[in-house]
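Take a look at this single chain in structure tokens; it is the form predicted on its own.
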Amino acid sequence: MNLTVHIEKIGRQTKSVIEGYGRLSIMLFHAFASIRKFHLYFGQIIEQFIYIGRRSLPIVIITSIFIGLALGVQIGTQMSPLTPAWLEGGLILRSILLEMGPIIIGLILSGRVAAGIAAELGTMKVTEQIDALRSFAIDPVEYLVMPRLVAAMFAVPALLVFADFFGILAGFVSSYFTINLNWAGFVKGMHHSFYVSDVFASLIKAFIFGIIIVIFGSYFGFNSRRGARGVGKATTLAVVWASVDVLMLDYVISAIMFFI
């Protein structure tokens, strides 16, 4: 009997998740369809670009620096004495370029941007501001989601460039003090391991993560329940699901790029 109850509970939860992804996909399609009117919301796009990009830059740089420092120590101390020291430059480059940079951006912005969007739109939902937009024949997805989506598609890859640069630079500093690797050797290692396709893979990840972060924040904000508790729950769900999907898509994109 207990087994039947648990199976039914799992089935209901699975059905709820699938239905949620379906509604989220419809919102995403609607937002992309609204991009044709982006010129009408240019001011809002710039405002959201500043919010997502410029205001996230300090925390992105600080986190990237410490990730680079940690990588320099960990890789340097794990290398065999018989392994050429300059190889660490390539290992740090590829680690940050392919994985750590995009993951840092995705998780940080899931906590900052997705939460902020969910809280803002959730407050608008519970105070009936979204209903007011509909009463004035204004499409809420076009007015609230599309500008954020367009801004994120440009802001997140731009943040990734800064994250990669400062992470790699910090990795060199850490390597210098850990295994006494000079700049010429570090550059040699990077040159040996660098592939142009890695840059495209990294930017593609950032582009997709930006879309994921905005759409999850918007979806849970639009579907928040009434009251402060409802907005708080929507914010938590936005952060959790955006972070989970960032990690899942990181694997999917990496696997696709490997087989291509």
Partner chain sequence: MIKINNLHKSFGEFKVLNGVDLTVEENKILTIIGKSGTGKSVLLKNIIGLLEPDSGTIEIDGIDATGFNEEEFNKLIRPKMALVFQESALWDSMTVAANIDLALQIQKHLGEAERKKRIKESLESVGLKDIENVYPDELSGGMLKRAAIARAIAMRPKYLLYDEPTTGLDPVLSNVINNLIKKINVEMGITSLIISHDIQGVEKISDYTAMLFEGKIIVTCGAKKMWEQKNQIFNDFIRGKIT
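Numbering follows the first chain given and starts at 1. Predicted, not measured: the structure shown is a model, and the values here were computed from it.
Not on display, but discussed next: the form predicted together with its partner chain.
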query: Want to guess which of 69-77, 179-187, 164-172, 125-133 is within 4.5 Å of its partner chain in the predicted complex, heavy atoms only?
result: 125-133
query: Are any of the heavy atoms in residue 143 no more than 4.5 Å from a heavy atom of its partner chain in the predicted complex?
result: yes
message: Using a 4.5 angstroms cut-off on non-hydrogen atoms, would residue 137 count as touching its partner chain in the predicted complex?
response: yes
message: Although the partner isn't part of this model, could you tell me whether residue 41 comes within 4.5 Å of its partner chain in the predicted complex, counting any heavy atom of the residue?
response: yes
